[in-house]
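Presented as structure tokens, the chain that follows is alone, the form predicted alone.
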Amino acid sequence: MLTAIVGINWGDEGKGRMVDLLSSDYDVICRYQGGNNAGHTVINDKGKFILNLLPSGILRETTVNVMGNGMVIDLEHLAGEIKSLTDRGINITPDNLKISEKAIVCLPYHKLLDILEEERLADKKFGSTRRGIAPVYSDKYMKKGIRMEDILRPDILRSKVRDILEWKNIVVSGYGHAPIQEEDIMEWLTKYGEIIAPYVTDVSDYLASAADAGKDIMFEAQLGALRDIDFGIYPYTSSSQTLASFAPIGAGIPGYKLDLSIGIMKAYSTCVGEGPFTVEMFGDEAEELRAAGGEYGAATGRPRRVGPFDVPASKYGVSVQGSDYIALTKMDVLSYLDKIPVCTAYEIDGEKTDKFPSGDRLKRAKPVVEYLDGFGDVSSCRSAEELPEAAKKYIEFIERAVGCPVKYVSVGAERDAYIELK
């Protein structure tokens, strides 16, 4: 079974929590895109963990974890993440962590360029996390990237770095910044490359052998459908493909097909970063929902923008993710509301639509809001039968609205705080 766990909306849907929950049924967990520009929060019997680069399955002793060729990897950040987990008793070895030799290294100058560009854009910024993601993906497609396999070849690494810096320093000079020094980059690559090198391997061969042997493989996405570089709210997107259909490609086995796509979405809406967010709440109403859900970015700590469940955005996300079913997270957060707002459609230029638009039309969209009955505290529920009738109706409303069945409902952060629906 090849399964993708993907975000339906803007990211931060709770994918890490669902991967941790479902990973007990899988042999291999694979991240296939993105870098350390988003965080997956997992709470289990070992404590609370925030993972930026490592697959969420690393917290289970029974899984092998893979970082695919579609990722961009900050060696310093990854080394720190590994140390943080091993210090807390998590076993991480080349047997349970394998990094594609084709993945691209995110270097210090990528972060520098990210910061310089965001500061230049000022009030027109894209909402970057300033961790170098757009610049490193740009280098990948300019064929000026350093691959993980390059850190295994110190004899050729320096010449590659030298050639790239000759071009890169022309770029940074345009921002009025001092030249990047070759020795600084080589020192960084040597220091952190020695730590990460033992994990670098032919991931494609490993995954293909695992799939052919009938192993169950889960592909873990970062961010959500609306942050996809092609199908998201461009240009306020990430720089990679966040969709399920990209999973085998970004993992390293492009000739294999998915068997299942599980879409993750919250019972309400959240968004970190810039760009149009039609359902955004403000003031006390927003702060109350943000506080109830603990809505602060796992990677950045930034307060998330919040709003009611967005039907047009979620229906679109389900469609582009090809979701077979939904895992609905943070249902318990809405327990304080007597009436629950939901955005059932958009109004654009005086016309009502349930289609998710793009470009300037999305910027002009206004939410059409309806209210459903509140359902009270569901945090102690562990079966569908225990759910209040109003909670069941809320779930049924979402299923009809997005055209996809809900299979899992999360009612708390703990590993056992969920309901599996028939």
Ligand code: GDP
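Throughout, we count residues from 1 along the sequence that is shown. What you see is a predicted model; the values in this text were computed from it and never measured.
The form predicted in complex with the named molecule exists for this protein as well; it is not shown, and the discussion that follows is about that form.
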> Is there a heavy atom of N69 lying 4.5 Å or less from a heavy atom of the named molecule in the predicted complex?
Replying inline: no
> Is I43 a contact residue for the named molecule in the predicted complex, using a 4.5 Å heavy atom cut-off?
Replying inline: yes
> Is T329 a contact residue for the named molecule in the predicted complex, using a 4.5 Å heavy atom cut-off?
Replying inline: yes
> Can you check whether L22 is within 4.5 Å of the named molecule in the predicted complex, heavy atom basis?
Replying inline: no
>> Within 4.5 angstroms, counting heavy atoms, which one of the listed stretches 385 to 393, 61 to 69, 364 to 372, 33 to 41 is next to the named molecule in the predicted complex?
In response: 33 to 41
> Which of L243, I217, V311, V333 has a heavy atom within 4.5 Å of the named molecule in the predicted complex?
Replying inline: V333
> From first to last in sequence, which residues of 390 to 415 have any non-hydrogen atom within 4.5 angstroms of the named molecule in the predicted complex?
Replying inline: S410, V411, G412, A413
